[in-house]
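Next up: a single chain in structure tokens, the form predicted on its own.
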């Protein structure tokens, strides 16, 4: 079995948010990056996730030299804190250039912008000493089917991935699927789609996946199954653990907040497949509740990590021999109760 210290934990600066939502303003004061980095270290996390403009704010307004300079300054801060960068992701969904999509936009100038920015993101990743580029294909979809061709869009996505793979022969690209939001119809809604897209590229071995619990639930799928599906290809390169109350908007609730049974099975899937043994991180893409006060602004992160470690203990003490006997007898009713009682502490 894997050892506890095999797991390295990560979160991103955006996971300490100010509480704004589409219907109301912020509820907490913003905190500077140095404060967030100090909190990450204080909570016992090992790594930080970055969007390209987390690493270099206002990246579109800066020269390549300035981008490199600021990325190097960030690397020194991380080194001084004993923290490493898990990954970098191009934040393509904020720009006015990507209103109609990024890599799949109907505007060739927008597609060029998306690729150019992705290459700058790779430059930042090099400086931060991570080979993992995460693509959440946020606006790669459409609001109505007549506006775009799914076949052409898939081909455009593969072509964009090829340009990134050719730009740096060492990077790996992890696709983070989501079925909807912000677009109504997403072209890469599940891990199966991500794995298939990898095989349209010129280097499928360097294209893998990242499973976010809430995104899988929004697709009507089980997060643990999505994780094990990716691991069957050897391509689960990160996870964003959180929780979700049904098929609603993306909620990013603390891990295990809504379904402890589902959270247990996610941890069990990671543990039994030795996730983390090759340096993969357990990341929590969670947000505190809007009503949270500033003095509790990082509790959701601390609690998610604590829940993971408690469930890891449950996964390691689950009576697999008895479970296999019940499976052989096809006594799934007893297996169900066994899992419930194990989680209840009996």
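Numbering follows the first chain given and starts at 1. Here the structure is a predicted model, which means the values were calculated and not measured.
The form predicted in complex with D-glucose exists for this protein as well; it is not shown, and the discussion that follows is about that form.
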Partner-contacting position among 162, 168, 131, 250 - heavy atom within 4.5 Å of D-glucose in the model of the complex | 250
Among 275, 229, 136, 187, which has any heavy atom within 4.5 Å of D-glucose in the model of the complex?
-> 136
Tell me which of 153 to 161, 81 to 89, 264 to 272, 68 to 76 has residues with heavy atoms within 4.5 angstroms of D-glucose in the model of the complex?
-> 81 to 89
Using heavy atoms and a 4.5 Å limit, would one call residue 36 a contact residue for D-glucose in the model of the complex?
-> no
Is residue 178 close enough to D-glucose in the model of the complex to count, meaning some heavy atom within 4.5 Å?
-> yes
Counting only non-hydrogen atoms and a 4.5 angstroms cut-off, does residue 212 reach D-glucose in the model of the complex?
-> yes
Evaluate residue 113 for contact with D-glucose in the model of the complex, applying a 4.5 angstroms cut-off between non-hydrogen atoms, and reply yes or no.
-> no
Note that D-glucose is not shown here; using its position in the model of the complex, name the residues of 44 to 62 with a heavy atom within 4.5 Å of it, in sequence order.
-> 51
